[in-house]
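Shown here is one chain on its own, the form predicted alone, set out as C-alpha coordinates.
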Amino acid sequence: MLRVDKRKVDEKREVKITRDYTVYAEGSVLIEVGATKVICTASVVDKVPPFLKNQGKGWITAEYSMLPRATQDRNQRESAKGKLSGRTMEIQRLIGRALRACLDLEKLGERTITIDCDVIQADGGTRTASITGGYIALEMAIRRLIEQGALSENPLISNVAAVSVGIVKGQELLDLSYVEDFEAEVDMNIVMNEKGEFIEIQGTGEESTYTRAQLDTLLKLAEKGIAELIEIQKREIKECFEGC
(Lines give C-alpha, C1' and ligand atoms only; values in the text may rest on other atoms or scores of the structure.)
Protein backbone atom coordinates (compact mmCIF):
# COMPACT_ATOMS: atom_id res chain seq x y z
CA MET A 1 0.00 0.00 0.00
CA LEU A 2 1.31 3.45 -0.96
CA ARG A 3 0.75 5.91 1.89
CA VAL A 4 0.11 9.58 1.22
CA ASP A 5 3.55 10.55 2.57
CA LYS A 6 5.23 7.47 1.03
CA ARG A 7 6.04 5.90 4.42
CA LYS A 8 6.31 2.15 4.86
CA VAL A 9 3.48 0.47 6.72
CA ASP A 10 5.68 0.09 9.84
CA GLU A 11 7.26 3.55 9.64
CA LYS A 12 6.31 6.33 12.03
CA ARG A 13 6.29 9.97 11.04
CA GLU A 14 9.35 12.14 11.63
CA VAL A 15 9.53 13.31 15.23
CA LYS A 16 11.14 16.61 16.24
CA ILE A 17 11.55 17.82 19.83
CA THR A 18 12.32 21.40 20.85
CA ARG A 19 13.25 21.44 24.55
CA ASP A 20 12.51 24.34 26.91
CA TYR A 21 10.05 25.75 24.41
CA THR A 22 8.65 28.05 27.09
CA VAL A 23 10.77 29.83 29.70
CA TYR A 24 8.66 29.62 32.88
CA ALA A 25 7.58 25.97 33.18
CA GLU A 26 9.77 23.50 35.08
CA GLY A 27 9.74 21.34 31.95
CA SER A 28 8.53 22.10 28.44
CA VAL A 29 8.82 20.83 24.88
CA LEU A 30 7.33 21.39 21.49
CA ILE A 31 6.78 17.95 19.97
CA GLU A 32 6.24 17.68 16.23
CA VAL A 33 5.03 14.36 14.83
CA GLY A 34 4.75 14.90 11.12
CA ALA A 35 2.50 17.94 10.77
CA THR A 36 1.03 17.54 14.27
CA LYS A 37 2.50 20.02 16.76
CA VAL A 38 1.83 20.06 20.50
CA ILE A 39 3.31 22.26 23.24
CA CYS A 40 3.72 20.20 26.44
CA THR A 41 4.55 21.91 29.73
CA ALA A 42 5.05 20.51 33.23
CA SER A 43 4.21 22.82 36.16
CA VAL A 44 4.98 21.95 39.78
CA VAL A 45 3.14 23.15 42.91
CA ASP A 46 3.81 22.05 46.49
CA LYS A 47 0.29 20.90 47.29
CA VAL A 48 -2.03 18.04 46.37
CA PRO A 49 -5.78 17.68 45.75
CA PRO A 50 -7.92 17.43 48.91
CA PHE A 51 -8.38 13.66 48.54
CA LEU A 52 -4.59 13.17 48.91
CA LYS A 53 -3.90 15.57 51.79
CA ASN A 54 -1.63 14.22 54.55
CA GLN A 55 -1.06 10.93 52.73
CA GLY A 56 2.54 11.64 51.74
CA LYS A 57 1.79 11.10 48.06
CA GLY A 58 1.94 13.34 45.03
CA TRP A 59 -0.28 13.63 41.98
CA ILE A 60 0.04 13.98 38.22
CA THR A 61 -2.80 15.55 36.28
CA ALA A 62 -3.18 16.80 32.72
CA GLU A 63 -5.09 19.37 30.71
CA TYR A 64 -5.50 19.22 26.93
CA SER A 65 -6.70 21.82 24.49
CA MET A 66 -6.65 22.55 20.79
CA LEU A 67 -6.20 26.04 19.37
CA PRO A 68 -9.14 27.26 17.27
CA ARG A 69 -7.16 27.08 14.01
CA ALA A 70 -5.17 23.94 14.74
CA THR A 71 -7.36 22.28 12.11
CA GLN A 72 -8.43 23.18 8.58
CA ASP A 73 -11.53 24.98 9.82
CA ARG A 74 -11.65 27.24 12.86
CA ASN A 75 -13.20 25.69 15.96
CA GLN A 76 -14.67 27.79 18.76
CA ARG A 77 -12.63 27.90 21.93
CA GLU A 78 -14.09 25.64 24.59
CA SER A 79 -13.68 28.42 27.15
CA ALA A 80 -16.10 30.48 25.05
CA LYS A 81 -18.60 27.63 25.20
CA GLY A 82 -18.31 27.49 28.98
CA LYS A 83 -17.55 23.76 29.19
CA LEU A 84 -15.14 21.11 27.99
CA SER A 85 -16.24 18.69 25.31
CA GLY A 86 -16.47 14.99 26.10
CA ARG A 87 -13.54 14.38 23.74
CA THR A 88 -11.31 16.86 25.58
CA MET A 89 -12.13 15.40 29.00
CA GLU A 90 -11.49 11.87 27.74
CA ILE A 91 -8.11 12.84 26.25
CA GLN A 92 -6.81 14.72 29.27
CA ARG A 93 -7.83 11.85 31.56
CA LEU A 94 -5.95 9.47 29.27
CA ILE A 95 -2.81 11.65 29.43
CA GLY A 96 -3.04 11.85 33.22
CA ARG A 97 -3.48 8.08 33.62
CA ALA A 98 -0.62 7.36 31.25
CA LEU A 99 1.84 9.64 33.03
CA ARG A 100 0.85 8.59 36.55
CA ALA A 101 1.88 5.08 35.52
CA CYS A 102 5.48 6.18 35.00
CA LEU A 103 6.40 7.19 38.55
CA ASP A 104 6.15 6.36 42.25
CA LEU A 105 3.71 8.92 43.65
CA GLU A 106 4.98 8.41 47.21
CA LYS A 107 8.53 9.39 46.21
CA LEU A 108 7.11 12.52 44.56
CA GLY A 109 5.96 13.76 47.96
CA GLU A 110 2.99 16.04 48.51
CA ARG A 111 3.24 18.03 45.30
CA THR A 112 1.25 18.14 42.08
CA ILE A 113 2.65 18.23 38.56
CA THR A 114 0.26 19.42 35.89
CA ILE A 115 0.99 18.51 32.29
CA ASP A 116 -0.58 21.00 29.87
CA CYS A 117 -0.85 19.81 26.28
CA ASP A 118 -1.81 22.51 23.79
CA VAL A 119 -2.27 21.45 20.18
CA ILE A 120 -1.23 24.22 17.82
CA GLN A 121 -1.53 22.12 14.66
CA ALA A 122 -3.37 18.83 14.22
CA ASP A 123 -2.79 16.13 11.63
CA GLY A 124 -3.78 13.03 13.58
CA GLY A 125 -2.31 11.53 16.73
CA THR A 126 -2.64 14.58 18.97
CA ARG A 127 -3.33 12.52 22.11
CA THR A 128 -0.43 10.14 21.49
CA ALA A 129 1.92 13.04 20.74
CA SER A 130 0.74 14.71 23.97
CA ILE A 131 1.64 11.62 26.01
CA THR A 132 5.03 11.18 24.35
CA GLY A 133 5.95 14.87 24.66
CA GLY A 134 4.31 15.18 28.07
CA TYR A 135 6.61 12.49 29.42
CA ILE A 136 9.70 14.45 28.31
CA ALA A 137 8.40 17.63 29.97
CA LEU A 138 7.62 15.61 33.12
CA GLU A 139 11.09 14.05 33.31
CA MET A 140 12.69 17.46 32.78
CA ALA A 141 10.69 18.84 35.72
CA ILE A 142 11.56 15.84 37.93
CA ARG A 143 15.27 16.09 37.16
CA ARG A 144 15.27 19.79 37.99
CA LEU A 145 13.54 19.12 41.31
CA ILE A 146 16.30 16.60 42.09
CA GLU A 147 19.02 19.10 41.09
CA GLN A 148 17.45 21.71 43.38
CA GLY A 149 17.38 19.25 46.30
CA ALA A 150 13.58 19.25 46.46
CA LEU A 151 13.52 15.49 45.83
CA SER A 152 15.87 13.07 47.55
CA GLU A 153 14.89 10.11 45.37
CA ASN A 154 13.99 9.85 41.69
CA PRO A 155 10.30 8.85 41.52
CA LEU A 156 10.44 7.90 37.84
CA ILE A 157 9.94 4.20 37.18
CA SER A 158 9.90 3.90 33.41
CA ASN A 159 9.57 5.93 30.22
CA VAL A 160 6.07 6.08 28.75
CA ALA A 161 5.13 6.80 25.13
CA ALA A 162 2.12 6.34 22.86
CA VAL A 163 1.35 5.82 19.19
CA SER A 164 -1.63 5.23 16.95
CA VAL A 165 -2.13 2.19 14.72
CA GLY A 166 -4.96 1.22 12.44
CA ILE A 167 -6.26 -0.68 9.46
CA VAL A 168 -6.75 1.33 6.28
CA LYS A 169 -8.03 -0.38 3.14
CA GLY A 170 -7.26 -3.72 4.73
CA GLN A 171 -3.65 -2.83 5.60
CA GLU A 172 -2.30 -2.52 9.13
CA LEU A 173 -0.43 0.80 9.54
CA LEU A 174 1.72 2.50 12.18
CA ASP A 175 1.19 6.14 13.20
CA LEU A 176 -1.86 7.35 11.28
CA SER A 177 -2.03 10.83 9.79
CA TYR A 178 -5.40 12.59 9.75
CA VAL A 179 -6.28 11.37 6.25
CA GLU A 180 -5.45 7.78 7.21
CA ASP A 181 -7.34 8.08 10.50
CA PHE A 182 -10.37 9.45 8.65
CA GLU A 183 -10.35 6.49 6.24
CA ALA A 184 -9.48 3.83 8.84
CA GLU A 185 -11.64 0.75 9.25
CA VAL A 186 -9.96 0.17 12.63
CA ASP A 187 -8.30 2.83 14.77
CA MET A 188 -6.26 2.29 17.95
CA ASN A 189 -4.22 4.34 20.40
CA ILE A 190 -1.64 2.35 22.37
CA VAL A 191 0.25 3.49 25.49
CA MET A 192 3.22 1.46 26.74
CA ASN A 193 6.19 1.81 29.05
CA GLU A 194 9.85 1.05 28.50
CA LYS A 195 9.42 -2.42 30.00
CA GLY A 196 7.14 -3.38 27.11
CA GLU A 197 4.07 -3.34 29.35
CA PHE A 198 0.74 -1.96 28.14
CA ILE A 199 -0.79 0.95 30.03
CA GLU A 200 -3.80 1.54 27.83
CA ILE A 201 -5.28 0.22 24.59
CA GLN A 202 -8.07 2.20 22.96
CA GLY A 203 -9.36 0.33 19.93
CA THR A 204 -12.45 0.76 17.76
CA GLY A 205 -13.76 -0.90 14.66
CA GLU A 206 -15.02 1.96 12.49
CA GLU A 207 -17.82 0.26 10.51
CA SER A 208 -15.68 -2.87 10.48
CA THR A 209 -14.51 -5.79 12.59
CA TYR A 210 -11.02 -7.18 12.97
CA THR A 211 -9.48 -10.54 13.70
CA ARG A 212 -7.15 -11.69 16.46
CA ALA A 213 -4.37 -11.97 13.87
CA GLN A 214 -4.92 -8.36 12.80
CA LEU A 215 -4.94 -7.23 16.43
CA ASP A 216 -1.63 -9.02 17.01
CA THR A 217 -0.14 -7.26 13.96
CA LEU A 218 -1.35 -3.87 15.22
CA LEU A 219 0.13 -4.47 18.67
CA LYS A 220 3.47 -5.46 17.14
CA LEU A 221 3.48 -2.28 15.06
CA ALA A 222 2.73 -0.26 18.21
CA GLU A 223 5.53 -1.97 20.14
CA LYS A 224 7.99 -1.08 17.38
CA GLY A 225 6.85 2.54 17.17
CA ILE A 226 6.82 3.07 20.93
CA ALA A 227 10.31 1.57 21.34
CA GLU A 228 11.56 4.10 18.77
CA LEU A 229 9.79 6.97 20.53
CA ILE A 230 11.30 6.00 23.88
CA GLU A 231 14.75 6.09 22.33
CA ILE A 232 14.01 9.64 21.17
CA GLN A 233 12.85 10.58 24.69
CA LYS A 234 16.05 9.19 26.20
CA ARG A 235 18.24 10.99 23.70
CA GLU A 236 16.52 14.32 24.33
CA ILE A 237 16.83 13.99 28.12
CA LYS A 238 20.47 12.94 27.87
CA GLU A 239 21.33 15.87 25.60
CA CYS A 240 19.47 18.30 27.85
CA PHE A 241 21.05 17.29 31.13
CA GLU A 242 24.52 16.59 29.83
CA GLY A 243 24.73 19.50 27.46
CA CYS A 244 22.41 22.32 28.59
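Heads up: residue numbers just count along the shown sequence, starting at 1. A quick note: this is a predicted structure, and the numbers were derived from the prediction, not measured.
Below, we refer to the form predicted in complex with a further copy of the same chain, which is not included among the displayed structures.
Student: Want to guess which of 130-138, 72-80, 164-172, 145-153 is within 4.5 Å of a further copy of the same chain in the predicted complex, heavy atoms only?
Tutor: Partner-contacting stretch among the options: 72-80.
Student: Please run the contact check for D46 against a further copy of the same chain in the predicted complex: heavy atoms, 4.5 angstroms, yes or no?
Tutor: So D46 does not count as contacting a further copy of the same chain.
Student: Even though a further copy of the same chain is not shown here, does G205 get within 4.5 Å of it in the predicted complex, heavy atoms only?
Tutor: So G205 counts as contacting a further copy of the same chain.
Student: So in the predicted complex, is a further copy of the same chain close enough to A184 to count as touching (4.5 Å, heavy atoms)?
Tutor: Looking in the predicted complex, residue contacts with a further copy of the same chain do not include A184, since no heavy atom lies within 4.5 Å.
Student: Taking a further copy of the same chain as it sits in the predicted complex, is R100 near enough to touch it, meaning that at least one heavy atom pair lies within 4.5 angstroms?
Tutor: Looking in the predicted complex, residue contacts with a further copy of the same chain include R100, since a heavy atom lies within 4.5 Å.
Student: Considering only 198-215, what residues come within 4.5 Å of a further copy of the same chain in the predicted complex, judged by heavy atoms?
Tutor: The stretch 198-215, when checked against a further copy of the same chain in the predicted complex, contributes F198, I199, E200, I201, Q202, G203, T204, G205, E206, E207, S208, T209, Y210, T211, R212, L215 at the 4.5 Å heavy-atom cut-off.
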